[in-house]
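Next comes just one chain, in structure tokens: the form predicted alone.
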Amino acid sequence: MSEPKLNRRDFLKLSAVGVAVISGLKVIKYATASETEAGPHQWVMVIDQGKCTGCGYCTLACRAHNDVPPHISWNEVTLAGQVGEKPVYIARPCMQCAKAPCVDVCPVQASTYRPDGIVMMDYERCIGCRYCEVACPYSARSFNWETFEGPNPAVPEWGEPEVPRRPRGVVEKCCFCYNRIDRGLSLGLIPGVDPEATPACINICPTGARVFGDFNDPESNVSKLLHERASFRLREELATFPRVYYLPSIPEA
């Protein structure tokens, strides 16, 4: 009889189970944010609730550029209430937390910090345990239950895919369109200023409700906005320190 063969993902799954048993089901911790050397850029997104109309263009552009299945949203927009007579929306990408619970709980280091603050996913490492999905306090992660085959309904109207599709059995999420940022910087472009170097959801917004830039640059658009306007971050009491800020809607006088 031939011996059964294990592929890489099966091996990682068995290894993770073995480690969990040995450690008494305790989670292994890898490099924390404080152990990741900060780079010269720290990318931040600012969302102006006073300008957001809930159109959902950001969701569709994200779905097209990142080739996201139609049943998954890396960028969700939901009605949060109203200020005066005006509806107010919460647009929610991944928060790119400086102290991300998803990174802390991952047993195989598939979720990691980049020096520029972006929380990355390594889909080759991911074993589909979904610990990160449960740990995320913002519901910003989605499990890929099925292989995404066939055409993407958001393409080409809302953009063209720029990254490979994720395999079945992994957790996927927004990564601030890091591929556009990296390519733009290599060409001398400025993320948040030059569209080719800026996340797709920023470029598509018809009202300018989303702004992107370098928090380390005092002259960047995000730094100026956060200096001039009051802002808040979601669930700040959890001390996750999100890199997505919201400018609250202000009722008209």
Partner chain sequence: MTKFGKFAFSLAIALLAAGITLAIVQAKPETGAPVEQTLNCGNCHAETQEAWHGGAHGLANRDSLFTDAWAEQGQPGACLVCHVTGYDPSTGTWKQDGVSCEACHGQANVNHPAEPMPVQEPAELCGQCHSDARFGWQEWQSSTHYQRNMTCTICHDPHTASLKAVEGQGEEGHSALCINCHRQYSMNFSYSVHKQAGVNCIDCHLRHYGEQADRDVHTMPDHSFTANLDSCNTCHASEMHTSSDEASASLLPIDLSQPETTESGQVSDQPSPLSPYGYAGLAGLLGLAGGMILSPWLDKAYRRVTKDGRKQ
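Positions refer to the first chain, counted from 1. What you see is a predicted model, and the numbers here were worked out from it, not measured in a lab.
Omitted here: the form predicted in complex with the partner chain. The next part is about that form.
- The partner chain in the predicted bound form is approached by E160, whose closest heavy atom lies within 4.5 angstroms of it.
- The partner chain in the predicted bound form is approached by Y57, whose closest heavy atom lies within 4.5 angstroms of it.
- Interface membership of P167, defined by any non-hydrogen atom within 4.5 Å of the partner chain in the predicted bound form, is ruled out.
- Within this chain, P115 is remote from the site of the partner chain in the predicted bound form, having no heavy atom within 4.5 Å.
- Considering the partner chain in the predicted bound form, the lone stretch of 125-133, 104-112, 80-88, 141-149 in range is 80-88 [heavy atom distance within 4.5 Å].
- Among I72, V155, A98, M120, the residue placing a heavy atom within 4.5 Å of the partner chain in the predicted bound form is V155.
- Of the residues given (I204, I47, V44, C62), I204 alone sits with a heavy atom within 4.5 Å of the partner chain in the predicted bound form.
- Contact residues in stretch 179-210 (any heavy atom within 4.5 Å of the partner chain, taken in the predicted bound form) are R183, L187, E196, I204, P206.
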